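Listed next as structure tokens is one chain, alone, in the form predicted alone.
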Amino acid sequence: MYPRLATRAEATVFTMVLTRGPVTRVEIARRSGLSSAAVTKAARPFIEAGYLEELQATERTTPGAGRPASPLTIRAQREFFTGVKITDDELIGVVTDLRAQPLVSARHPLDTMSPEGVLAALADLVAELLAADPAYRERCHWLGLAVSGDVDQVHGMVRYSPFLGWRQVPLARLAAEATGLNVTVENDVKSLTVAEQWFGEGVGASSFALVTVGTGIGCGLVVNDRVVPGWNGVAGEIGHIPVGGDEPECHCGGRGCVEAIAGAAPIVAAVRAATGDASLSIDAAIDVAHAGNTAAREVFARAGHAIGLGMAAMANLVGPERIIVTGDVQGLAAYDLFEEQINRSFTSQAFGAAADCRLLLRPRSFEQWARGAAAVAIQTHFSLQER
């Protein structure tokens, strides 16, 4: 078992090595404000337990710089974590190391969205993933689950997931009973945000936003190095910023929301109406627009306008250093149809220096969303428990 984080110094040192290592004690002290002695004391139990190790000392090149430094690094395969992204028709799972690097992945189709059916499929998927290597079963004790919708991470409750049709499902408890693992449950966008914060494009940025484009329009926020959970678990819902006046009606009960214009279902409905082809799927709608159909392209341009306005409103309120734009498969396949209008609307609506925020397009597969669920499990496992 790993040494429980007992002090803020231990949490600071371990997290810094995990997310930024290899890093020397001197650099940790400089970045954290801890004394060198405090850094050494905090690192010792993790070295003894095999979670951290010292690399070979690097030679100093500056005269009088002191002894060569021995960087600390994570022993990434000291422990493993399982992450699963739950969609309305499929489970996507990964096993990762301590740095949330996927080592093995698997998918399991769903023939039902009932919690009971999903949990049965989840137990099968987790068993398949952990059977890939005896070390996984031996050293994997945590499962992270990523679900769209309103999620209460503290209590492991899915309060409302419109795409799954779930309300008040105690998913963490049920999944723990089904798999025998410790379980964390988080909103899928927030999970991906944690992965970017600790292991991706957000490393080194004290403030950034992650915007997802696809079935819905989501947003995760990091401000002053902390993911913004929001009161009662709701924050960053730019998909429900009203940008379209009184129309169209949104599934949330509001009107004119970004998601009611730029979500996959509204886009399909609008392209069907514009082309007169009621059989179009989202993939076919994208193909029609790519083929040059003017009416279809206008639908996607309107969607891009709505997304850009929502992003600008968020940037004006929060002032992120960068915005990472990603999405599901359909969202990214259509991104070139959105991109020009997103950038134009964002730039025109963002106030002052907010318009200088960097927009980064970073494709992320569903396996990466599952990795986000594992990253939340890692963060939960190694976060300092307040006393």
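Throughout, we count residues from 1 along the sequence that is shown. Here the rigid core means the biggest group of C-alpha atoms that line up within 1.5 Å when the two forms are laid on top of each other. Here the structure is a predicted model, which is why all the values come from computation and not from measurement.
There is also a form predicted together with another copy of the chain; it is not shown, and the following applies to it.
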In this chain shown alone, the residue from His108, His240, Arg139, Arg99 with a heavy atom within 4.5 Å of another copy of the chain in the model of the complex is His240
Among Ala284, Ala301, Cys252, Val104, which has any heavy atom within 4.5 Å of another copy of the chain in the model of the complex? Cys252
Can Gly33 be called a contact residue for another copy of the chain in the model of the complex at 4.5 Å between heavy atoms? yes
Given that the partner is absent here, does Glu48 sit within 4.5 Å of another copy of the chain in the model of the complex, heavy atoms only? no
Heavy atom to heavy atom, is Ala353 within 4.5 Å of another copy of the chain in the model of the complex? yes
Would Gly216 count as a contact of another copy of the chain in the model of the complex, using a 4.5 angstroms cut-off between non-hydrogen atoms? no
Please pick out the stretch from 331 to 339, 315 to 323, 36 to 44, 49 to 57 that is in contact with another copy of the chain in the model of the complex, where contact means heavy atoms within 4.5 Å. 315 to 323
So, superposing on the core, is the move of Ala301 at the CA at least 2 angstroms between the shown form and the other one? yes
Does Glu259 move appreciably between the shown form and the other one, meaning a CA displacement of 2 Å or more on the superposed rigid core? yes
